[in-house]
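This document starts with one chain, in the form predicted on its own, laid out as structure tokens.
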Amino acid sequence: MKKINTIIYGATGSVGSSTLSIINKNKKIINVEGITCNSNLEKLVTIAKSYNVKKIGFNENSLKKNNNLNLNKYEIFNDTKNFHKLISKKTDVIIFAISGLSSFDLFLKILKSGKKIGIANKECIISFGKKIITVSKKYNTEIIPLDSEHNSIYQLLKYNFGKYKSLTITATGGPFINFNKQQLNNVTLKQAIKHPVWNMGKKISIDSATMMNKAFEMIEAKFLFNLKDHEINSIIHPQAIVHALVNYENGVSTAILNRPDMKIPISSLFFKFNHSLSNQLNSVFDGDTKLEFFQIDEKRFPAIRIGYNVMKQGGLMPHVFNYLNEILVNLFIKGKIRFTDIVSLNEINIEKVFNKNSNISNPKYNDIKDINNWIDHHLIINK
């Protein structure tokens, strides 16, 4: 049997770890052809030894901190600009788990490979979604999203029951699902980073608490599945068992139910839908399982309303929306603004940005850099 040759960009992160845990149980089926990291070279070499990897890529600066490592037996690609060279004719599957916009040039080169790509990079899709889909179609590259919501949609649409009316992604509601406006005004950092379902980093936990993360996911879904604005929406589902629904004209909705586990969407790159991961995970209905669904109160969580408007405007605006959020979340972490200011100041600043700058419909990387620079010099943090 021919092995599935795999390259993991960002092998030392959480997505990389989940991918390797799948490969570890399927070494007869999957071969790790190449791996990369940003700076955790020691961990990268440990992975390379464990999985007999011959090609490794890393940021050159990390070598200075780890000059005691023996790298003679590896084919080395030092610097992100060379990472695309890990791909060979034998490569079947690529995991792209490098975050941030700085990896866009690399991702663009990978998109031209014609390979099957699992993507876990929100920023690139939000800022350059239209370009990414255009390039992937030109080179016949299959993009499989690794976010649970988008991967569920991807799986559901493969059944092709016919033309759907709309797609719905779910949100847990975060830690403040029952908070009123006054309570939201007084949210502390400690409260905001405590997610009721997942143990995540500060930034993503705060995005979940404000519902900004769900607004971003709606924008991503529009690009990934070529949707019209009215074809994507979101609802609250605290149990996080249904991640997305496909809604049809006849009133029927379809869903895939599974407990939150990154290995499920990643496995869709390697195996058929009913692969043996079910032996490793608990059934959805073990114990007293209930499924609840609620409309999102946009007065308490205005990120959804703002995100929907940003999605309709398109162009540079989704990037600005995301970039402002990064800045404002960081200011909240530092104690310089309130929790509710993250979203309200985003809306104020978006209006200011596009009162003074044009919304370029197909932004290039330099357009992104220019608008970032303008925002850095004109940011409003006092209402």
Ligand code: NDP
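Under this definition, the rigid core comprises the largest set of C-alpha atoms superposing within 1.5 Å between the forms. The first residue of the shown sequence is 1; numbering continues from there. The structure presented is a predicted model; accordingly, all values stated were derived computationally and were not measured.
Not on display, but discussed next: the form predicted in complex with the named molecule.
*Asks:* When you measure heavy atoms, are Asn38, Met200 and Ile204 every one within 4.5 angstroms of the named molecule in the predicted complex?
*Replies:* Looking in the predicted complex, the three residues Asn38, Met200 and Ile204 all sit within 4.5 Å of the named molecule (heavy atoms).
*Asks:* Of Thr91, Thr168, Asn258, Thr80, which one comes within 4.5 Å of the named molecule in the predicted complex, counting heavy atoms only?
*Replies:* Among Thr91, Thr168, Asn258, Thr80, a heavy atom within 4.5 Å of the named molecule in the predicted complex occurs only for Thr80.
*Asks:* May I ask you to choose, among Ile219, Met211, Leu111, Ile98, the residue with a heavy atom within 4.5 Å of the named molecule in the predicted complex?
*Replies:* That would be Ile98.
*Asks:* So in the predicted complex, does Leu20 come within 4.5 Å of the named molecule, heavy atom to heavy atom?
*Replies:* Residue-level check for Leu20: no, no contact with the named molecule.
*Asks:* Is Leu156 one of the residues lying within 4.5 Å of the named molecule in the predicted complex, judged by heavy atom distances?
*Replies:* No - in the predicted complex, heavy atoms of Leu156 and the named molecule never come within 4.5 Å of each other.
*Asks:* Is His84 one of the residues lying within 4.5 Å of the named molecule in the predicted complex, judged by heavy atom distances?
*Replies:* Although the named molecule is absent here, His84 would stay clear of it in the predicted complex, with no heavy atoms inside 4.5 Å.
*Asks:* Test of understanding: in the predicted complex, would Ser127 fall inside 4.5 Å of the named molecule by heavy atoms?
*Replies:* Ser127: no contact with the named molecule in the predicted complex.
*Asks:* Within 4.5 Å, heavy atoms only, one stretch in 99-107, 303-311, 242-250, 136-144 touches the named molecule in the predicted complex. Which?
*Replies:* Checking each option against the 4.5 Å cut-off leaves 99-107.
*Asks:* Even though the chain is shown alone, can you say which residues of 6-26 have a heavy atom within 4.5 Å of the named molecule in the predicted complex?
*Replies:* The stretch touches the partner through Gly10, Ala11, Thr12, Gly13, Ser14, Val15.
*Asks:* Return yes or no for Asn38: a CA shift of at least 2 Å between this form and the one not shown, with the rigid core superposed?
*Replies:* It does not reach a 2 Å shift.
*Asks:* With both forms fit on the core, has Ile29 moved 2 Å or more by CA between this form and the one not shown?
*Replies:* Shift at Ile29: below 2 Å after core fit.
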